[in-house]
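Below, in structure tokens: the form predicted on its own, a single chain.
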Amino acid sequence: MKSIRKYSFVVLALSLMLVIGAVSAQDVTIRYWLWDTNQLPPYQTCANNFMAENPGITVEVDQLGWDDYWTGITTGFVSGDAPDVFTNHLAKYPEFVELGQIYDIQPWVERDGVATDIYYPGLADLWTKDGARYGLPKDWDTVAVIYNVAMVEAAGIDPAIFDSWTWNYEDGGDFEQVIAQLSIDANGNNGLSADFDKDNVVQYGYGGQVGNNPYGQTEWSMFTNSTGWVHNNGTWGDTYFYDDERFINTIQWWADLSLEKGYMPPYEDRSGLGSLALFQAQTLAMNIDGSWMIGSYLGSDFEVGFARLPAGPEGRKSMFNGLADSIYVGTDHPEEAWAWVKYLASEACQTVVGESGVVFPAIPSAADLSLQVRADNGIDVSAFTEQAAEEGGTFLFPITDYAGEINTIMTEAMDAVMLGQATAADILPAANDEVNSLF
């Protein structure tokens, strides 16, 4: 049944593309969605520039919050009212491909001679499968440590340690020592003191993101993958390794920072308020987050610093993720939608985005502009770019089939560990078996 549906969709899509190829772009409206409020202004500028160059095409840009965004996309697929073009995520697009809801744009890429080698290495390939292409890159991201400068100074910690600190799941290394020193109880004892009261903490050393999905981009992957562990057997892999002892030991260590040691807020607090809100309320001293969140942290009422990740047994590791723009198959204006996607991925638009400083665009020269904007304002965010440039410093987002099913299985298992309802060793091997049985 799946093969019949895919075949029918491909025939329909190719037929539409042949018909619409000759349609002129006149007096149509393209609805474009994105989820990041920080990116709305530069992309509105891109839309204005695009419309000036393409009279007759109006681009309406809408921004929705993360949860509402994906709910709107999926319900739009069902009702036939999804946006013509939307920002897509590597965790989502395989399912949309399986459902036949986004265009294979490779025929347009070839027809128009669009270069796909102008982006950071590997970014364009993330959006391909079996010769088809489902988006053009728009940006990339890594993760780094963000810290409260005053809290670090008050603890007497020299920021120079961030250049050489280490981590391991046996004793936590320098990283755990630092966050212990930054954790303070109601009596003024820090986490290095034998008198530290882990049940009465007024300042936590580390935030710890909540999002127990199968990927752990900002939560745990910088730790798990620095042990040499990998999520699966490569892009579009069909075997996962959540039963590996390196993964199990790391996840238990991470959970125990909250459950056993009091260096990280309780799971309930993190899931209810979010670690950014806790950081900005000065409830915690450090967090790890993605480069797309730089602007949000700089909006704090106190000085923040950005530092390199602690190095694990296999070095510093960050997930390397990249977004792209995709075209909904139900659009009434696919040719104009393609023109807009092509512009979004162009040097012209990515330069505008780079000059805003909100993210690192997929084209290196535009990403350099973003870095320079921050430097001109006295803000050093090179922790993110140095991670991206470091040989072996990144690993690709684990693109996969059955993403929805894997997310359900792993979220349930990881929630149980974080809440102390099960140990990682007890629950993760069974969850891994369940995941691998999907393939």
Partner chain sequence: MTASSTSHSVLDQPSLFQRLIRLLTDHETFLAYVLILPSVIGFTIFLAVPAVRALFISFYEWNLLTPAEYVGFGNYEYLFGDSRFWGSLGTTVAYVLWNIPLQTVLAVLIAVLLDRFSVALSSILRGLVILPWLMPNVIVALLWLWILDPSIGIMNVVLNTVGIQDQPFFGSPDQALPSIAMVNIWRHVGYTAILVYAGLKTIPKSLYEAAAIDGANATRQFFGITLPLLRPVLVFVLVTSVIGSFQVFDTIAVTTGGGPVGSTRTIIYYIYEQVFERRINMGRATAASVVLFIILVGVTLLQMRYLRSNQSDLADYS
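Numbering follows the first chain given and starts at 1. Note that the coordinates shown come from a computational prediction; the quantities given were computed from them, not determined experimentally.
The discussion below concerns the form predicted in complex with its partner chain, not included here.
Novice: Closest heavy atom of residue 28 to its partner chain in the predicted bound form, within 4.5 Å or not?
Specialist: No - in the predicted bound form, heavy atoms of residue 28 and its partner chain never come within 4.5 Å of each other.
Novice: Would you please decide whether residue 267 lies within 4.5 angstroms of its partner chain in the predicted bound form, comparing each non-hydrogen atom pair?
Specialist: Judged by the heavy-atom cut-off of 4.5 Å, residue 267 is in contact with its partner chain in the predicted bound form.
Novice: Residue 186 near its partner chain in the predicted bound form, any heavy atom under 4.5 Å?
Specialist: No, residue 186 is distant from the partner.
Novice: Taking any heavy atom pair closer than or equal to 4.5 Å as contact, tell me whether residue 409 reaches its partner chain in the predicted bound form.
Specialist: Residue 409 belongs to the contact set for its partner chain.
Novice: Taking 78, 101 and 402 as the candidate spot, are all three within 4.5 angstroms of its partner chain in the predicted bound form by heavy atoms?
Specialist: Yes, each of 78, 101 and 402 comes within 4.5 Å of its partner chain in the predicted bound form.
Novice: Can you pick out, from 271, 190, 365, 106, the residue that has a heavy atom within 4.5 Å of its partner chain in the predicted bound form?
Specialist: Only one option qualifies, and that one is 271.
Novice: Select from the listed residues 71, 235, 300, 252 the one whose heavy atoms reach within 4.5 Å of its partner chain in the predicted bound form.
Specialist: For this set of options, the contacting one is 71.
Novice: Can you pick the stretch from 292 to 300, 136 to 144, 276 to 284, 118 to 126 whose heavy atoms fall within 4.5 Å of its partner chain in the predicted bound form?
Specialist: Going by heavy atoms within 4.5 Å, the stretch is 276 to 284.
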